[in-house]
Every structure is written in C-alpha cells, then in structure tokens.
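Presented below, as structure tokens, is a lone chain in the form predicted alone.
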C-alpha cells in the first residue's frame, strides 16, 4: 500500500511537471525556450514549417480561428519564428480552392513545382506542411494539391500527388505537437 502511494505520488509529480512545461513552453533544441505570445484563452491554430535545427516540421501557433484563406496566407507568408523556415517556394500563389465533402482541393501556381528546390526531404516538408496545416481546419480531412488547376504526379519526383492526402505526423519531431 505504501509503495503504491509512493508510485502514485511520483506519477502525479511527473504529470505536474509536464503540465507546467506545456504551459511555459518546451525547450528548443539549443536549450532556450521558444518564445510564445499566445493568449491561451482565445482560439489558436498550428501552421507547419521546417525547423532549421532538425529539418523536420514544427508547428508555429497563430492566434485566431483557422480558416482556409488564413492558413494558406500564413503558409505563403512564411514563419515568424527565427528557428523555422518557409516551405513554399518563392513566387508561389494560390489560384483557388474548393471544399468537396471532406476533401479540400487547393490549386497553386506553377512556381510550386518550377521554383521547388527539390530533394525528397524538401518535397515531404512542402507537401506535409500544406496538408497538416489545412487538415487542422474543421471539416477538412484530406487535401488534394493541384498545380495550375491540374492534378500533378509529384512536385519534385518523390511523392505521389495524384490523390488527396491525410495528415501525416511522421515528418514531425517527437518533441512537438
């Protein structure tokens, strides 16, 4: 009985530490705290960008309610945090989008392909930054990436984009949401 109480106390202490760390902020890879300027009593949403430290996707949280227009604008504008890098190639614009059922069809200009730096990692980061950010919006379960209103085979030769994609957490670091 005493042993169980000790284990329960340790478990509660660990949960309390995790709760405090989640509120205060998780440490960045260099040991510094990542600055957070969110009012947690108001809605906020994640937009995914590439971490300069790990080369994986990390969320940057934006205050407000996620809309398709706003998330697309945030992706095109790039991150505000210094340790993150944009994943959408220069000069890329959104030509339009439509939601059909739970699938969001988003058409980008040809720059998404022609200005893409290439490489399998770069393509994964671009595609899943788009998909993971947009599937965070209510009613969007899948995202079909189009280029000039057409289905494309791939952006840079590594991922099949002929079908709509679901959120995928494999490109995220284990220490982030």
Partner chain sequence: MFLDLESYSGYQTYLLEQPARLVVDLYGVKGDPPPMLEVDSPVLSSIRASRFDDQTLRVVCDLKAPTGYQVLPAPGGGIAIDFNYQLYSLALEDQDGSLLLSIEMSAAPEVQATYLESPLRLVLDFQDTTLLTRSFDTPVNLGPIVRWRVGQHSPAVTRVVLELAEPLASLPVEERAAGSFVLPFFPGTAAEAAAYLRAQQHAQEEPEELGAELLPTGEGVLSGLVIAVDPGHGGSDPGTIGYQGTFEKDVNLAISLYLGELLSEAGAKVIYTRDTDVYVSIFQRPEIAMEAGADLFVSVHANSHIERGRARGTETLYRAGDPASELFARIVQEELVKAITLIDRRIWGREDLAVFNGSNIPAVLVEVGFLDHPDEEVLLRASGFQKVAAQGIFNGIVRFCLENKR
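Residue numbers count along the first chain shown, from 1. Every value quoted in this text rests on a predicted model; they were computed, and no experiment measured them.
The discussion below concerns the form predicted together with its partner chain, not included here.
Proximity to its partner chain in the predicted bound form, taken as heavy atoms within 4.5 Å, picks out 148-156 from the listed stretches 61-69, 133-141, 40-48, 148-156. Residues 85, 118 and 126 are all found to lie within 4.5 Å of its partner chain in the predicted bound form, as judged by heavy atom distances. Its partner chain is not shown here, but in the predicted bound form it comes within 4.5 Å of a heavy atom of residue 52.
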